[in-house]
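One chain comes next, on its own, written out as structure tokens in the form predicted on its own.
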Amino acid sequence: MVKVLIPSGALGLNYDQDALAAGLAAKPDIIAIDGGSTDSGPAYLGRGVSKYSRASTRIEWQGLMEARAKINVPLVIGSAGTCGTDSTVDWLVEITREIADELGQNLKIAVLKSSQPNTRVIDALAKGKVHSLPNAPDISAEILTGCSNIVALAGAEQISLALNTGADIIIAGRTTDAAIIAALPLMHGLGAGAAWHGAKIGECGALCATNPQSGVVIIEFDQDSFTVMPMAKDARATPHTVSAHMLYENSDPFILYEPGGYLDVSGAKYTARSDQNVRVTGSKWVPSERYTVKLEAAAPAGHQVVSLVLLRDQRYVENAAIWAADITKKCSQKVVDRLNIAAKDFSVELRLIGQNASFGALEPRSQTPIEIGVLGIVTAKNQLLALEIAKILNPYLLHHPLTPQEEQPTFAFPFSPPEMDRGVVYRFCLNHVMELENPMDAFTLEVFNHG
């Protein structure tokens, strides 16, 4: 039997202190926590920085380092610093050293890095070792060269090697969310189906329970099953909350792909073991013929300036889409004429906040709000050009009438000046996997003592 304690869905989201204490009292074999993902867009990966504040990360990580020391088990984090680049791994290593010095802890630390040299992926692409996933964008050596950061998602094999070093703390770059939880049960020879399924359910902590904000859960693995045990007194795992988590960040509720194979839960059974815990059986692991790791990459997509204006006149609110389309067309043409640049070298976009800013033409609901916020987004090849275009857009946002014959309206800018620089913006470049001969071919592992 193996018990894995997961304090929360990600370091930086906080966790319930009482629930953590209850989790420690249950004597887990390891503490595992995720550091982030690509959920918040490509900028963090593109820039190689953390989404979460350093102060929050430091406080929560110190709490987990203290918890680890109390029960003397390994503490592992995957996707360190949100995106799991080498730079964010180094960032968390620095924080770890600071905390260890303050607490007087002597530690053995294993550092697993996932960043990929652009040339490695370009070479793999040329050798036919990079394979597209569904709806993957076209890639080329030129596109890969332009990526500011590329990472490979480590699986259980790489985490297992780090654990085998006997390290007190394992700080890993980008990993699959489930890998850091599945590794120890797999190392103990427990069933792969249960190991991967339990890891998937526990990846976001108490999100698989009735009190998601409490954070802390224990997944208890035995040979061919696992049990989900929320640690907060007011949190309950039910067959519904547990089974539903297979839909979280996963397009197929029955299949989950991981390095080396896939999890099939179509035959899984969810049974309430008590009012608070759920036992799961029948999960199946299907090994693949080749070992692949998913790749993530981001590249600069231009420089951006945004402006915000508010529409409250009912006629303009009702006709905001027509008004915005007319501005976009006329402003774009003026930019081409006055700046002597091609239309492909910039973009002007107006998003109607309060009407359809999230889904655009796909918005299924229709109603007339009291007011609409219009977000102007200008993207160009450099910041000065983006700002120049945004200033050409400015008069349209402030005074543009619906028809040429009517009097000139005036709208409201909430800020002066309304133009706000966003700097470099990024785009995702890859939805591919890379084939490896050996699971460590795309990763590095360093072990050192601190203190």
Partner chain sequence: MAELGKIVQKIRSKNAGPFWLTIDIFCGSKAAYQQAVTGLSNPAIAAVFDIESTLIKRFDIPDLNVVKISLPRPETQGAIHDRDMHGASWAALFQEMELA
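Residue numbers count along the first chain shown, from 1. No experiment lies behind these values; they were computed from the predicted model shown.
What follows is about the form predicted in complex with its partner chain, which we do not show.
Checking Gly41, Pro401, Gly423, Pro395 for any heavy atom within 4.5 Å of its partner chain in the model of the complex turns up a single hit: Gly41. Comment: its partner chain is not present in this chain, but in the model of the complex one of Pro117, Gly146, Pro287, Pro253 has a heavy atom within 4.5 Å of it, namely Pro253.
At the 4.5 Å threshold, heavy atoms of Pro134 reach its partner chain in the model of the complex.
In the model of the complex, no heavy atom of Lys129 sits within 4.5 Å of its partner chain. Using a 4.5 Å cutoff between non-hydrogen atoms, Gly360 counts as a contact of its partner chain in the model of the complex. In the model of the complex, Asn431 approaches its partner chain with a heavy atom inside 4.5 Å. If you check its partner chain in the model of the complex, you find a heavy atom from every one of His240, Ser243 and Ser347 within 4.5 Å. For its partner chain in the model of the complex, the listed stretch (227 to 235, 135 to 143, 314 to 322, 183 to 191) containing residues with heavy atoms inside 4.5 Å is 135 to 143. Residues of 374 to 400 placing a heavy atom within 4.5 Å of its partner chain in the model of the complex: Thr379 alone.
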